[in-house]
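Coming up, as C-alpha cells: structure 1 and structure 2, two forms of one and the same protein chain.
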Structure 1
Amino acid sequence: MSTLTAVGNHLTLRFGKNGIFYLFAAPFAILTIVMGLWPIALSIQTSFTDSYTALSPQPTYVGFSNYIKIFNDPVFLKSAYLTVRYTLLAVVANLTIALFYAMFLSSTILSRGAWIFKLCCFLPVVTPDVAGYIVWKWMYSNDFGAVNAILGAIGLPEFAGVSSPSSVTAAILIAEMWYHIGFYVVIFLANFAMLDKSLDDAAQMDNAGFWRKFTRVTLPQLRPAITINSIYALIQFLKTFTVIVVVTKGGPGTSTNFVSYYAYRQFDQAQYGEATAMATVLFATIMLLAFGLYWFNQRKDWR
C-alpha cells in the first residue's frame, strides 16, 4: 500500500510541475490530431480503395492498384519530374537570396533605414497568398501587365511570363520568392544576431578574405537557420499549389502541372483513389526528404 501511495504522490507531484504545460499544449495537440493527422490517415486509407466506392460507408479495397496506376501514368511521372525540378530550383534560389539579403540587413551598411527594408521584405509573408498571386497574374499580362510596361519603358524585350513554357517556371518562381523569402530572411537574421563576433574579429586579424571568412566562420554558425529554412522550403515547394491554381492552372500545356495540382484535378474528376495515392506518395516523399535533409544538416562533419 505504501508503494502505491509513493507512486501516486510522485505522479501527482510530476503532473503538478508540468500541469500548466499540458494545459496549454492540449488544445494544440487535439487540433493537430483532429485537423492534421486524422485527415492524413483517412487520405492514406482512401488511396487503397476503389474510386467509385471510396466515399461510401463500405468502400471496396483494391490494395496497391491505385499506386500501380499512377506509376504507369506518364502524366503523373512528368508532373513528379516537374515538381522535383522546380523544388530544387526554388529552394536554392530562395535560400541563397534570403541569406545574402539577411547579410545585407545585418551589416553596418544600413543604420536607421534598415527597418524599411525589413518591413518591405516581410510584408508579403502576412499578405493573403491568393490576393498576392492574383496581382502577379495581372502584372504578367501581355496586354496590360506592369512587368512588360516597365521593360518596354527601359528598352528591354518583353517577358513572356506565364504565357510561354520557356518562361513560366521563372515567372512563378519570382512570384513565390516575393511571397516566401521574407520568412527565410527573418530566420537568418535571428541567427546572425547570435553569431560569435570574436570569431569574426579573429578572421579579420588573420587577414581572411570575404569568401574564406564567409565559408569558414559565418556559414558554419548559420547551421540552425540553414536547417530550418531548407526543411521548410523543401516542404513548401514540393507541395506548390496555390500559385498554380491562381496563375497558371497547370499550363501553358502541362508546364506547371505539379503533383499537388494534378492530384487536385483527379480528385475533382472523382478519381478519389488515384488522387489520394498521388497525395500519399507526395506526403511520403516530403517526409523522407525532410528527415534526410535534417540528418544531413545535423552531421558533425558538415561544412
Structure 2
Amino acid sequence: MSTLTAVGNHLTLRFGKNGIFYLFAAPFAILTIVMGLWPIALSIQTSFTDSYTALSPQPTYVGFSNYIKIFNDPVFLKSAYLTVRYTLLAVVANLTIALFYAMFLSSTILSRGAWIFKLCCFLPVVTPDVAGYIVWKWMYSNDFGAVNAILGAIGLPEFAGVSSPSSVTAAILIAEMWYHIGFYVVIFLANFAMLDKSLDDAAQMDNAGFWRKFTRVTLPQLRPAITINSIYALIQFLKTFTVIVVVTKGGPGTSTNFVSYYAYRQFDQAQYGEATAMATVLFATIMLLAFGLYWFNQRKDWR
C-alpha cells in the first residue's frame, strides 16, 4: 500500500490528480495491446503478404492478391455459403426455441420448481465445450450411440448423424443448441421477469387472442432480450469452430467446412496469407453485423 501511495504521488505530480489512473489501467492496456491489438494488426498485415515469406523478417507485400485469391477459391466460397446458411439456421432455431421455452418456464403453469429446469438448461453453458461435444460425437455413433438406441427404442427410423452430409448440419445444430441455448433462455427469462403485467391484463380485457397478445404486447417488450440474443447468437454461430474440430473435422466431404475452420486449416498448412485474409473478412463481417444490428435495434420502433 505504501509503495502504491508513493507511485501514486509521483504520477499525481506529473499528470495531475488523475495520473494514478494510468497506473491502474497499465496492466489492462498492456494485455489488450500485446494479446489483442498486436496480433490483430499482425494478422491484417500478414493478409497482404505472400504466404511463403509471411514469417520471414522481410515479407513480400502482394497487395490484395490474397483476397482476390480466396474470393476465387471455390472451396472458400462454398465455405462462406455454408457458414452463412448454418448461422441463419442456428440463430433462428436457437432464438425461437429459447423464446418459447423461456415463456413456458416463466408462465404460471409451472408455479413451483421452474428454477430446477432453468438450472438444467444452463448447465451445458458452463461445461467445457470439448468435453460436451466429445460426448455428443459418441452419442451419434452408429454402433452404440445413445441417439440411435433411443430412436430405436421408441420405434423411430435411424438418424445418420454426423456420418452423412444430409444429416450432419442437423446433428451439429442439435449439439450446439444443447451447449448454447441455456444462455439465450436465461436472457429471455430475465426479460420476462420484467414484463408489465398490467398490459397483459388489458389485452385480456380486450379479449385479444393468444397470437395477437403475443405479437402486440409481449414481443415488443422483449426487445432488449431479442437484441442481445440476436447479436450474441449471430457472432457465436458465425464463429462456429470447436464443434467442427471435435465432431466433424469439416466433413463428411466439405459439408461442415465453415470459414473459421477452413481458415485454421489453411494456417496449419502454412497458407498464412490466405488464412489471415479469411480471418479479416470474417472479422469485418462480424463487426458490420454487430454495429448494424445495434443501430437497427436502437432506431426501429417495433410497435
Partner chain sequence: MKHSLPIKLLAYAAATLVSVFFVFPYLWMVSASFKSTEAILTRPLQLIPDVISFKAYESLAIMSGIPLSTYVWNSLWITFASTIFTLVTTAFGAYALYRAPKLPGFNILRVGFLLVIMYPYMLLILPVYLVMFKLGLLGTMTGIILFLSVGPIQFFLFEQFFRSIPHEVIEAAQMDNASEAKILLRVVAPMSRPVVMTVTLITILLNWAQWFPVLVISRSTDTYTLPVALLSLNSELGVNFQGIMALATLTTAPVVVIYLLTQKYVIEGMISGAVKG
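Numbering for residues begins at 1 and runs along the sequence of structure 1. Each form is matched to the other, and the largest set of C-alpha atoms that superpose within 1.5 Å is called the rigid core. Predicted, not measured: the structure shown is a model, and the values here were computed from it.
As summarised for this chain, the second structure is the form predicted in complex with its partner chain, and the first is not. Once the rigid core is used as the reference frame, the Cα position of residue 38 differs between structure 1 and structure 2 by 2 Å or more.
When two forms of a protein are overlaid on their rigid core, residues whose CA moves 2 Å or more are considered shifted, and residue 27 is one of them between structure 1 and structure 2.
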